[in-house]
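Two forms, one chain: they're shown below as structure tokens, one block per form, named structure 1 and structure 2.
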Structure 1
Amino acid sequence: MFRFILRRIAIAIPTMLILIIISFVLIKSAPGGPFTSERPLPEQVLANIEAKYGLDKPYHQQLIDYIVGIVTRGDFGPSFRYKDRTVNDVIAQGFPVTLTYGFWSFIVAVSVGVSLGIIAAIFHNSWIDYFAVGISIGAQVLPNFVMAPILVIIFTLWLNWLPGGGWHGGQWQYIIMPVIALSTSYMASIARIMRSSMLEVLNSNFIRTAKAKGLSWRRIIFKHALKPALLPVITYLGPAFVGMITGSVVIDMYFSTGGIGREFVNSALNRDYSVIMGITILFGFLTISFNLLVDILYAWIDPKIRY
């Protein structure tokens, strides 16, 4: 296992390098620049600004300096739009907010989705199964940009139970609606995957043997059926968690939480290319890290897997 982790880390390094290079090339290929506007700057002023940020250097030298800064100092460079702020400052301000409600969305999606899937599989073809599947289908067809305004209409405008936006240090009443809006579609996918996997496991020979021995349903489900049934769900969890973080753009913009998604959108509109690069690299790092974690969980759940 230790050798497998080392190999994955060795693969992750060139993967991140390729991500940085491709992102850098795409940004440099985009028309315009961070200092272009409807009213162009004088050439001498523009040259001085580009010299200050090192944009007057050849592209390959800019790329090398950028990679060296990330590797040696963890520095993503200065922001082109915010005075006296670096990309690290922007990420440090917005990412904890996104991570907070992204984490709780993940917990809600996994716990509710797995529970619904298990219940639907145990009571297969009963009204409970149809009810659980109906909830999953209903949640699946309501993405976060549809769920968010529905929640505001119901809980803010009609019932006046929850605030319609803001963060206020992460108080619970400001977290509930972003978590619901972000987790519902993922919860539905997890429930459907868990139901199908659990049905397949419950029809396996070793489950029939456990039934023939007279074991209780509780023991059969939680000791014998749950771990193998979780394998397909585990595969989905890595991309799902990263999707909740990267998919927070709509949540940040709609609920005004102040997360990193808002900064990502604003940096694209303002052509703040250094912020776009920094957030893209952060999302890439999260994707690689959680895929590695999923592989490790695979080996822990199924001892037959040997890397």
Structure 2
Amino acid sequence: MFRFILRRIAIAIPTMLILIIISFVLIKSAPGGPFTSERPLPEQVLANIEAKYGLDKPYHQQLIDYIVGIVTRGDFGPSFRYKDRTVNDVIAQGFPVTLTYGFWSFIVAVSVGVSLGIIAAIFHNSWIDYFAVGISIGAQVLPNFVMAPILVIIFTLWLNWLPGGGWHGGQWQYIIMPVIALSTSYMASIARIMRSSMLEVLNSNFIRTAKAKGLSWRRIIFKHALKPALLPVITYLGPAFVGMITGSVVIDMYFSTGGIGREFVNSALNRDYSVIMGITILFGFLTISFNLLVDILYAWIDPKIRY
């Protein structure tokens, strides 16, 4: 197990490096430097600014400095558009918000999805099963950017129950719609995966044996069937996590929650390269670490996996 974890980390590190290098190369190949503007700066001024940010060094040196800065000091460098703040400031400001509703979305998607899948499998071919299948098909075409405006129409415009946006320090009424919008399609996918794997497990021989022994339903489901049936769901957690991180950009844009996503889109529109790059790398790091965790969890649960 320990060797497996080490080997998995040995893959994660080059992945991270490749992400940094890809973003770095992309940005360096952009036409014009970060300080090119409509009114060209005097050459001496430009040279001074570039020297200040270390942009006069050769590219490979800049790349090494950038990576060393991130690894040793957790420093993503300055914003090229706003002199008074760094990329770290941007992240520190928005990240707690993104983390809050992202965490709840993940919890909701997994817990509701898994429960719905189990219930649908137990009551196979009943109305509750059809209901679960129905929403899991429907939710394929209801991604976050479709859910968000629909929720606003229902809960803000018609029912007037919830505010249509804002954050206000994360009061519950401001969190509900972002969480539903972000989690629905993943909840549905998890329910679908859980249902089909649970059905398969419930039809297998060891469950028949358990039934023959006269075990109670609760014991069969939770003690015997749940663990093997969860495996396909665990493999899906990685993609679901990536999807939610990506979706958080839409949530921040639409609900004005003040998370990191809006900064990302605004810097994309302003070509504030260092902010885009910092956020991309931060999200890449989260994704890669999460995938690492999922793989370890999987290896731990599945006895068949070879280390």
Partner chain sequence: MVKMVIGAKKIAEMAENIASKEMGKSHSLWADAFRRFFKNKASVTSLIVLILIVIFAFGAPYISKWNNEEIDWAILGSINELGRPSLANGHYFGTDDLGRDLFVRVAQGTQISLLVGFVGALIAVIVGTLYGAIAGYFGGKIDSFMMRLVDILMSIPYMFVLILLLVVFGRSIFMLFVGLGLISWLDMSRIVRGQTMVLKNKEFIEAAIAGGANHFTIIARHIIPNLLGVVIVYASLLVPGMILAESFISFLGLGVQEPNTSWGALISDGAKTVLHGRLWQLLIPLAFFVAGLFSFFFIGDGLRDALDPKDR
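Source: prediction; values computed, not measured. In this text, the rigid core denotes the largest set of C-alpha atoms whose superposition between the two forms falls within 1.5 Å. Counting starts at 1 and follows the sequence of structure 1.
Tell me which of the two structures is the form predicted in complex with the partner chain, please.
The form predicted in complex with the partner chain is the one given as structure 2; the other form is structure 1.
Taking the rigid core as the reference frame, is the Cα of Asn48 displaced by 2 Å or more between structures 1 and 2? Yes, the C-alpha position differs by at least 2 Å between structures 1 and 2.
Lys57: how big is its Cα shift between structures 1 and 2, in Å, with the core superposed? So the C-alpha of this residue moves 3.0 Å.
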